[in-house]
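There is one chain below, alone, in C-alpha cells, taken in the form predicted alone.
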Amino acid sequence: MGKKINKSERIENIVSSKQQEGKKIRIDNNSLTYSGSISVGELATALNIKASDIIKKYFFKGLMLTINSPLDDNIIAEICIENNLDFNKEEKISNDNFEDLFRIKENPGDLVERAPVVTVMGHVDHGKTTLIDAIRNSRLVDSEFGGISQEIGAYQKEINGKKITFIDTPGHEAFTAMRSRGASVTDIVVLIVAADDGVMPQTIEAIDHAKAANVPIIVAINKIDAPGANSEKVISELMKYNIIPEKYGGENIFCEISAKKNIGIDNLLENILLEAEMLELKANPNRYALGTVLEARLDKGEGPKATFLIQNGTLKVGDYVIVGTTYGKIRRMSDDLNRIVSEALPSTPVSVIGLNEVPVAGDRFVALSDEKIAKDIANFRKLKKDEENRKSSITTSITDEEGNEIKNINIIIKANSTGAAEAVKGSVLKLNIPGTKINIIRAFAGAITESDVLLANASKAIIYGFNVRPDANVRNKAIEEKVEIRLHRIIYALIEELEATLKGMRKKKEVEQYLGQAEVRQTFKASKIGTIAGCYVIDGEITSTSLIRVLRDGSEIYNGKLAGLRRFKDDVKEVKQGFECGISILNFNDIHEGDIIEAYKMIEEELD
C-alpha cells in the first residue's frame, strides 16, 4: 500500500507540532516516533502516502474514517509495519511530566557500545589534574588559580582504538557538591591517592560519593617516585574504608603511577578499559539527546556557554534543548580540543552555545525537535522556581535560644561559572558566627549587573564577585545606590573576608574616642584649597584620618573630616600636643581665629 520512500526522504518528512500543539511525528532511521493522538491526514503526510488510501483500506474493514479522524495506536502500528517502519509512541510532553523524558525505556536492539565516563577524584594536590595532563599530554594545571581546580573539566581520549571520557573534579572541600555531581554521571571512579600523603578528608569524601553512586572504584596510587612514598600504607588505610585490592581478595583494582613522570599510566588505562568491558556500557545513539550540564558560564564574547555530557542519544547542531529553567537552539558545539563538531554521541562532552541564559551546573538537559515546547516548559519551570525563591527569601526577625536578636547579613554571589557560584555559596553557608545569620539572596553565574545592584539595595545586601568584575556603569550605580561590591579570585580569601565581616557584626555599640584639640591662631586663603587654619595643638594629637568638630564659644558649629594636615610644607599623618600645624577642613571654610578644632574617632565596643 502506497509507495516506498527512502531513508533520506523519511528523515525530512516531519510533521511539526506547530500544526497542532501537543502532537508530534518524526521519522529517524526507519522508525516513526509520535506523541499524543494523530490524525489520518497527519500520518499520511509523514509517510508521504495518500490519506485516501488509508481511508479506503479501513472502509473495507468496516471502519469509517475521515482525513481528520484520530487513529488508535494499533492502526498506526499496522500502517507503519506496512511501510517498512518501526514505531514508538512517546508520552505527550508537558510542563508537569518533563522529567519523564529521562526515564524512557530503550529497546535492547537499539543499544550500542559507548565509551566509559571516568571521574578522577581525590584530595587536593594529590595529582588529579596532573594525571589528566599526562593522559592528554596537556598542561591544564598551569592555568588554575591558587593551584587547585575550580571547575569540572571533561576530556576524551582514544586508547587502543577505544574512547574514554574523563571528568576532572576539584579536590578542595569547597567543591563537595561539584564532586557529587561528577559521581552521579560517571561509570567508573579513579580514586587518586598520593603515596607520600595517604588517605585524607577529601579522599574519604570521594569514596562516599562513589559508593553512593554505586560505581566501581579503581585506585591510582600516585607520586610513587616521591620521597617517603609508601604504597602499602595507602592500601592499609584504604582497607579501613572497605576499598580492598584484588590481591587481597577484594574487588578494587590498584595501580601504582607517577602522573608527573608518566609512570604506570598505560597500565591504568588498560585497567579502565577492562572494567568498562565488564560493565557492558551501552546507549542508543538514534534518539533525541539527553544528559547533564557539567559546567556553565557567561562568556563575554559568546554569551551563555555550557559543557554538556551526552548520556544517551545524539545531540546535533540545530537541536532545541531544555536545561532546567533555560532553553535554546544549539548554534555551535565544540569538543574538548575546541574543534567545531556537528554532532555529539553518547559519553561525549561538548561545549555548547545557543542557550537563552546560563544554566545551572548539575541540571539535566533534553533535546527536542520543537522550539515552542522547549520554550514553554523552560518558562513554566522558571516561573515556578522564581515563586519558590520569593517565598524562601522572605525574612523575619530571628532570636536565639536566649531571646537575643540575631544579626542578618544578606549576600548576593556572582561568579564566572555556576559551579564556582555553587561552591562559594556552599562555603558561605558553612560559616557559623554566633549572633549572625547569612541569607543568600542570589547565587548565579554571570557578570555583576545593575539588576544585582538594585536587588542588593532593596535587600540591603553585599555583592560578592568571584572571578567577575562590574563595568563602569555598574560601579557608578553601586555608588549611587550605596551598595558594596567585594571582588575576589581565590575562594579562601573571599571566605576569610566574609568571616571577618560577620565577626564584626556581633552586637556592638559605637562610641566616640577623643583624640585631641587644636586652637586656631591664624587663617589663610588659598585659591585651590580654601581656608587654611594655622593651629597649635593644645591637647592630645590631631591625625590626618581624624573626624573633627569645630567649636566656637563652646558650641559645635561644624562636624566633618579633615581635608589636609601639614607641618610647614609637608603633609603629615599626625601632630602631637605642643606643635604647630596647618589644617584644612573638608567642605568648610568659615574658620575664625580662636576656634577650637577637636579631633576624635568612632570605635565599636561589645555590648554587655
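On a predicted model such as this, the values are computed, not experimentally measured, just so you know. Start at 1 with the first residue shown and count on from there.
Omitted here: the form predicted in complex with a small molecule. The next part is about that form.
- Taken together, the three residues Q156, K162 and A344 all stay farther than 4.5 Å from the small molecule in the predicted complex, as judged by their closest heavy atom.
- This chain is displayed without the small molecule, yet in the predicted complex the stretch 253-261 from 453-461, 253-261, 310-318, 325-333 comes within 4.5 Å of it by heavy atoms.
- Note on contacts: among A226, A212, L383, L487, the single residue with a heavy atom within 4.5 Å of the small molecule in the predicted complex is A226.
- Distance criterion of 4.5 Å from any heavy atom to the small molecule in the predicted complex singles out T129 from the list N83, T186, S417, T129.
- Though the partner is left out of this view, N222 does reach within 4.5 Å of the small molecule in the predicted complex, counting heavy atoms only.
- At least one heavy atom of H123 is located within 4.5 Å of the small molecule in the predicted complex.
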